[in-house]
Each structure stands twice: as structure tokens, then as C-alpha cells.
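Below you will find one chain, with nothing else, as C-alpha cells; this is the form predicted alone, and questions on how it binds or moves follow later.
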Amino acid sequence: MKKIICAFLIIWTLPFAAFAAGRIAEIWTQPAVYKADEPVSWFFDVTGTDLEGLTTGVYMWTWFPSEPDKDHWANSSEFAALTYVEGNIWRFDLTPTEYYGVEASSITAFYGLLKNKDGSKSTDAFAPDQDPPNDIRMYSLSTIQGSALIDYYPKVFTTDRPLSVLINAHNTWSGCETTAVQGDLANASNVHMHGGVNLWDIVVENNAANLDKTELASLGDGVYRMDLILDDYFALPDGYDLKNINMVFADDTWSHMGKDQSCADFMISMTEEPIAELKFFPQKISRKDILVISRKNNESYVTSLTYTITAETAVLTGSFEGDAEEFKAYIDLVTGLKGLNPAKINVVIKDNTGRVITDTDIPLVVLQ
């Protein structure tokens, strides 16, 4: 299918190849993901193309999913005109279904190029889904339905470009302090983001003063979207070293709330995190053992770990020692379970953000 689409792209651009000069440096959209039947702004950086330096007279020429300005290569229609932003940045505002005149189900990709009025200058063709990182992504509801909980786009983002965060309220959790309940947030009439960065170093609260700013857009079926530019939303200082984004979702009165499946705050990391390794030693334990728990290659934001072990009436708590490379805990079951004869222990490990690393039962070997 990709080969067919690429061939289709080449065939359509051949008549204009003599004029084309320069790949578009960057393409992005606001919102970063969107439905085919909602308004969106496409942004183009034409630095390095024949259109560089122009401040008027740039037009859209697109031929898939349809060809709105057909037969007007030498005299582009005004409905295809872009709006000048600044520098070499241009903006094109559209609702895809209206601009292309097709049903939403027919919109599977976008192909085109930018040109001047008479077509004597143009860029190379763009085929965003074939040519990352210039990735114009139409939002599909199926990407966040089912068991999905949270998603965001683009996957590689910067603080000065649009970011869209999607949540499925049906799959969030609340009531974590007592008995966790799934999907309570889907009962809310509105959803807002209580957000922060770098483990809540800078916070934009979900409160009466911020209701317009923090409200998510409803996309239907319990799916909501937050659109933001991080620099603007959090008023990040110049040179701020952003490491992660922290989020809790709730309605405007906090009567309905949504956290992740571990009842912890949501987090999006700016960097790829290592894959942590959790181990228990020995693999088979009894109430007469010293249980050793280690966790290697911890995430960048994990600065400490704590444990809670319960067995019948005994509750053992403590902190791990070490650092992100490896945390270890040594639990004296001999003393902690003295006078008891439990069949198992329950181990809960949390990190400094409140995230549950594990909540598991470990059977105890019966001593003869």
C-alpha cells in the first residue's frame, strides 16, 4: 500500500518537478492531533525552499484526498492562500472534510506542496505520513478506545510546539485512598487537567481561576483532549530544563477524578526511560528468611522507593537504600513475623511520586 501511495505521489508531482526546489523544513499542526471534521491549523517552515523570504502570495496545492484547486496551477484560487505568520512560517487553516469535500472516512492521508500564485516557485511535495518528522497526524478515535488509558502526540515534542494529550475517562481510576474505582471520571460533565512539570515544580491548578485554561475538549465516547504549548501553558522560564509533565484529571469540583491504573499521577517523560528490573531474593522464602528486594535501572524521576509488607496482623514498612542505578531493601521476616504463621505476604512498593511499582502476593514456604 505504501509503494502504491508513493508512486501516486511521484506521478502527480512530475508536471511540477521543474519548478520544485527545497523540502519544507518543518510541518506541525495545532491541535497536534485532530479529527477530520474539526478545524485545524497547519504550519509550514519554508526555510531552504524557493519560497523562503516571501511574506505574501503562498498557496496550498494538494491532490489527496481530493484536488480542491484543480486546473489552477498557474493561477491559484484565494481559498488556497496561506496566512503569513513570521520569519519563514506560514499557516493554513481548514476543516479537512470541508476543504476536501469528502467524508471523514475517506480522509486517510494528506499530500501536497506549497507554491506561489503562478506556480513559478514551489516547494518539494510533502507526504507527511511517509516522510517523518513532518508528520501531520489526523486523530483517529480508535487509537484511544478499548483498553487504552492515555496517549499524546507528537511522541517527540518540544516546549514551543503544540502538544495534544488524550485520555480515555472510562479507563482512569479514582478513590485510590479507599477502594479504587475504574471509570468514575467518565461520569463527569466536564474534565480538567491539574498539571505540573518536573514532579510538580511548576503547577497550573485545576481551580476556579483556571477553568477555561485547564478544560479538556470532549471528543465523544469518554475521550478527552488537552491541547497546549508547554512554554505558554506553564510560563516556563527561559532555559528551563523540562524532564517530565505531571497530570491528574478531574471535573471542576473535584467530585470525579482520574489517575492511572496504579492510582498514581500521570507522567509523560521528555526522554526515553530505562527498563527497570525488580527482583526478590531468595525466590522461595519462609517466615524465617531475610527478604532482599532490588530494583535496577530506575527511571530518571525515581529518587526513592518505599515498601509496605502485610501478613496477617503484621505490617512492615521501610525505605530502600541506594540510588537510581540500584535500590535495595533488606526485610527481616524473622523478627517482623514473630509469633505468626502466615501462608503469604503482600508486598507493595511505591516510588517518590506515589506510583505503585508492584502490589503482589508472595507465598511462604511452610516450615516442617
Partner chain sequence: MRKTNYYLLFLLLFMAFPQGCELTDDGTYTAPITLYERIGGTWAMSSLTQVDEVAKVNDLTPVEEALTNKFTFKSFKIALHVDSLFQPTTYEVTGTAPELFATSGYWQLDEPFVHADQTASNILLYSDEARTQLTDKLTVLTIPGTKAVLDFSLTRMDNGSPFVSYVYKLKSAN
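Numbering follows the first chain given and starts at 1. Here the structure is a predicted model, which means the values were calculated and not measured.
Form predicted in complex with the partner chain: not shown, discussed below.
When contacts are judged by a 4.5 Å heavy atom cut-off, V334 counts as touching the partner chain in the model of the complex. In the model of the complex, no heavy atom of F79 sits within 4.5 Å of the partner chain. The closest heavy atom approach of D37 to the partner chain in the model of the complex falls outside 4.5 Å. Although the partner is absent here, K213 sits far enough away that none of its heavy atoms falls within 4.5 Å of the partner chain in the model of the complex. The partner is absent here, but in the model of the complex a heavy atom of P282, alone among P282, G87, G183, G101, sits within 4.5 Å of the partner chain.
Think of it this way: in the model of the complex, the partner chain has a heavy atom of just one of I290, A148, A217, L278 within 4.5 Å, and the residue is I290.
Only one of 189 to 197, 290 to 298, 231 to 239, 257 to 265 places residue heavy atoms within 4.5 angstroms of the partner chain in the model of the complex, namely 290 to 298.
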